[in-house]
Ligand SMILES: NC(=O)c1ccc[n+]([C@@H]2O[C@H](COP(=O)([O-])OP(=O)(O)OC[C@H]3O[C@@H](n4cnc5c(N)ncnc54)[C@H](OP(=O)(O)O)[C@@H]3O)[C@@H](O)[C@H]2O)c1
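Just one chain is shown here, as structure tokens, and it is the form predicted alone.
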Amino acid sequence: MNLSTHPLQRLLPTSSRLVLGCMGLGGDWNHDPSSETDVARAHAAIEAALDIGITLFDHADIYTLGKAESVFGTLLRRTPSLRERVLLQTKCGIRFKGFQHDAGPKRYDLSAAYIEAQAEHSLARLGTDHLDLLLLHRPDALMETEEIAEAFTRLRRSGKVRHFGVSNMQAGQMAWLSRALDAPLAVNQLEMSLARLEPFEAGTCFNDPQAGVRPGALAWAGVMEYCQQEGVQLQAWGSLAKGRYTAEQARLPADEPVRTLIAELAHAHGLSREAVMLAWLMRHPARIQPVIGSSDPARIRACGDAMKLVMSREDWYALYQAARGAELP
């Protein structure tokens, strides 16, 4: 299995196998301005990511209320050559009180006007003339696919966005949206890890009573197969499960079997525990692209060896069984 290739590289040849998630950059989730300390922390995280070959950086308009994009933009302005080394991906569509002076309830907005306005805001905060990828952050119950298609077309023709994708969308939603588009979706970003097995369970337990053990698993039926069939890059947010299985001691007794097995595999292969967790995701035929959500340079660098491990079927299933807490049907 060649782990160096993945679907996104057909569109963006310089896309890396791993992605750095930038949600933790910029300071706290408040309206206090970012400090020079926040900029320095962002710089350290970005340098750590570049050191291990990461070129794709994942943002969203809402991350730290826009400050994550802004501090990244500050660094791009200070070092213009950095833009040539990175690919920028951001997301839009989530609205809530307090973000951009919004007074309404928390909601999803995939209207053409909002998509285009948020793309402009992200471009301004990042200080760039184009986004490599723009994702729809969450499905909108009121979305009109033709309206979304029109917004995508205008943004692409203006050169402001190169490619489009979605996040947290099921297979049926993707197929429905894709029928209205004049270019294929490039990405679908889902929460996937050894702590979030629903997309995997949907394909292994759909015809067994165990399917009902993990609430919501069947909602993801077909999404992995659809993405593989259509050449859509699956990205995994929450890929390290917030350190749940990589700590020296398990936080919960039920986590101990997974944590122990990860530690054993890491020792056997001379890799970090983070690398083993990511290698588990990357072993899937969908060529899952993990998003590293940490801003800690040491933890980012610990992920760098994930590409060195092509996990065996036996180890993959051993981790899967340990994480689900029961044998497969």
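Everything quoted here is computed from the prediction, not taken from an experiment. Counting begins at 1, following the sequence as shown.
Absent from the display: the form predicted in complex with the named molecule. The rest refers to it.
*Asks:* Which one of Leu240, Val187, Cys92, Leu126 is close to the named molecule in the model of the complex, taking close to mean a heavy atom within 4.5 Å?
*Replies:* Contact residue from the list: Leu240.
*Asks:* Does any part of Thr64 reach within 4.5 Å of the named molecule in the model of the complex? Heavy atoms only, please.
*Replies:* It does not: once the named molecule is placed as it appears in the model of the complex, Thr64 has no heavy atom within 4.5 Å of it.
*Asks:* Flag Gly304 as yes or no: does it have a non-hydrogen atom within 4.5 angstroms of any non-hydrogen atom of the named molecule in the model of the complex?
*Replies:* Contact check for Gly304: no, nothing within 4.5 Å of the named molecule in the model of the complex.
*Asks:* In the model of the complex, does Arg251 come within 4.5 Å of the named molecule, counting heavy atoms only?
*Replies:* Flag for Arg251 set to yes.
*Asks:* Wondering, does Ser167 line up within 4.5 Å of the named molecule in the model of the complex on heavy atoms?
*Replies:* Yes, Ser167 is a contact residue.
*Asks:* Which is the contacting stretch out of 167-175, 150-158, 110-118, 203-211, given heavy atoms within 4.5 Å of the named molecule in the model of the complex?
*Replies:* In the other structure, the partner sits against 167-175.
*Asks:* Counting only non-hydrogen atoms and a 4.5 Å cut-off, give the residues of 276-291 close to the named molecule in the model of the complex.
*Replies:* Only a single residue, Val291, comes within 4.5 Å of the partner.
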